[in-house]
Each structure stands twice: as structure tokens, then as C-alpha cells.
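Before any questions on how it binds or moves, here is one chain, the form predicted on its own, in C-alpha cells.
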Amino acid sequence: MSVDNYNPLGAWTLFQRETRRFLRVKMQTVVTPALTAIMYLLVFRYAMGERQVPGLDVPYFDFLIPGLVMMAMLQNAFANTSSSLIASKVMNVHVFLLMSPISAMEVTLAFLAAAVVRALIVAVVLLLVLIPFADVHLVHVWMILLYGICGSIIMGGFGMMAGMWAKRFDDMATITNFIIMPLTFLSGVFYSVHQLPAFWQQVNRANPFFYLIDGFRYGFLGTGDTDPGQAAAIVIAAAAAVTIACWWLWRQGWKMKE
């Protein structure tokens, strides 16, 4: 079990392990999200043409790109921590990490930092691939970084908790397919909330991922369905709360000793 003494070298080593783990399978972790985004763009490009997004007065193509990038970041941040932990549990090697002389906070920060790195790499690759297809602006860089990093921390933390909870790959697939995928797809990536009937607008606003994607998009376009500046403090607080929750659960060894 993790101890209270700090071990920066051990934390750095764990971070390097988690980073190199996803870099060794770049076709799956980096190239595949880029190809998926390109296919979405091709489909919606020909389906929507040169239409403007109702209520926002921006080209649909420009509206779509930030949403696709943020969706890929959130999904990859979740996948990085969850896949690492469930694979360790299935192979029964997670006990070595529990017994290592690394504090619970260092383990948490190493996992979350690796998730953020993976999300940022995916975002950069996607933007490099997608920018030639649209007129992409960086209106508020600080907002892009804030929502991108905080969103990755939040999803990396959820992935860490899911990895601790799951006992087999089927459990993880259930969370991914029935919770993470629907919430990210139905979060305003492909549409503006103003296009929905009043009832479904309220339902959409209950989706926490909606605010992450809308804030990230606002950083590119300078417009969105909400005022993400007002939600910045909530996003930061949510990232801190998820980090603390992961630290506490790991410190207790929640679901890791069964």
C-alpha cells in the first residue's frame, strides 16, 4: 500500500511508464482518433455543406472541429487511466504498485499527468490534421488550455476510479459504452443546444460534458451556447475534487485488494 513519505523519483518513473505505455501503441492511441475525426468531418462536410450553426452564426465546419478535438481528448484521457488499471488488475500485477514506496497523491498525480499528456498529444495531432479543412482561430488561448487540461484531469480521474472499481474488461466496456460514449456524443459536439426543443435543451444542460466542450469551443470561436468564463471556477473546482477523490480512494485501497 502507498505510504505518506514522498518519493518524487518513483512518481516520475510511474509517469514515464504510463506515458511510454500509450506511446508504444501510437496507431491505437493517436492515429485512430485522427482517422475517426477525419471520417466525421467528411460525412458532415457533405451532409451539412456550407450551412451556418443556428443561433451562433458560424460555419458548421468551424463549429464542429473544436468539439471533435475535445471529445477525443476526454475519451482518451479516460481510456489512459482506466485501461492501465484494469489491465494491471486482470494480470494481478497491481499489487506491486500498491506496495511501492510511492504516496497516494504521487500515484494519483502520475496517472492524471499521463492522461493529460495523452489528451494533449491527441489534440495537437487532430488540429494539425483538421486545420487545412477549415478556418480555425485561437480567440481565447487561456480558455482552450483551461478547459482542455481540466477536462482531461476530470476524465482521467473518472478513468482511474473506474479502473479501481472494475474487476474485468467487461465491466470497463460497460462504463465506456453506456456512460462515457453517450455523454460525450450527446454533449453538443455535433449540434448547438439552440437547435433542440426546450425540454431537450434542459436535458442537455444537465450533461456535465456539455460545459467542457462548449467552453473549449468558445476558446476557438469566441462564441458558444453558454458563458464559459462564469463556469471556469466550477471547472477548476471539479478537477480538484476529482483529484482529491482519486487520492482518497487510492489511499484506502478501494476495490484494489479484492
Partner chain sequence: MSHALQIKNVSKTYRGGKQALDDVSLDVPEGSFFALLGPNGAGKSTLINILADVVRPGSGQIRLLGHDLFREHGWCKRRLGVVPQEVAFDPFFNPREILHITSGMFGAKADEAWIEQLLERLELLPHAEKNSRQLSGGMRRRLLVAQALVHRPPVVVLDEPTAGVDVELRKRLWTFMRELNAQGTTILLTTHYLEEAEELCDQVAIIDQGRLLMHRPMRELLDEVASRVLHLSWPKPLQLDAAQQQALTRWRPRVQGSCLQLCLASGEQQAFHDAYTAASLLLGPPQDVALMQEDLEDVFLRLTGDHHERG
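Positions refer to the first chain, counted from 1. Not measured: the values here are computed from a predicted model.
If you look for the form predicted together with its partner chain, you will not find it shown, but the lines that follow are about it.
Legend entry - Partner proximity in the predicted complex: A245 to its partner chain, non-hydrogen atom cutoff 4.5 Å: No, A245 sits far enough from its partner chain in the predicted complex that none of its heavy atoms falls within 4.5 Å.
Legend entry - L98, heavy atom within 4.5 angstroms of its partner chain in the predicted complex: It does: once its partner chain is placed as it appears in the predicted complex, L98 has a heavy atom within 4.5 Å of it.
Legend entry - Close approach of N177 to its partner chain in the predicted complex, 4.5 Å, heavy atom: Although its partner chain is absent here, N177 would stay clear of it in the predicted complex, with no heavy atoms inside 4.5 Å.
Inset, instruction - Spell out, yes or no, whether the shortest heavy atom distance between M91 and its partner chain in the predicted complex is within 4.5 Å. - result: Taking the distances in the predicted complex, the answer for M91 is yes, it comes within 4.5 Å of its partner chain.
Inset, instruction - Work out which of the listed stretches, 144-152, 71-79, 121-129, 99-107, brings a heavy atom within 4.5 angstroms of its partner chain in the predicted complex. - result: In short, 99-107.
Inset, instruction - Can you work out whether its partner chain is within 4.5 angstroms of a heavy atom in all three of R20, W254 and K257 in the predicted complex? - result: Yes: R20, W254 and K257 each sit within 4.5 Å of its partner chain in the predicted complex.
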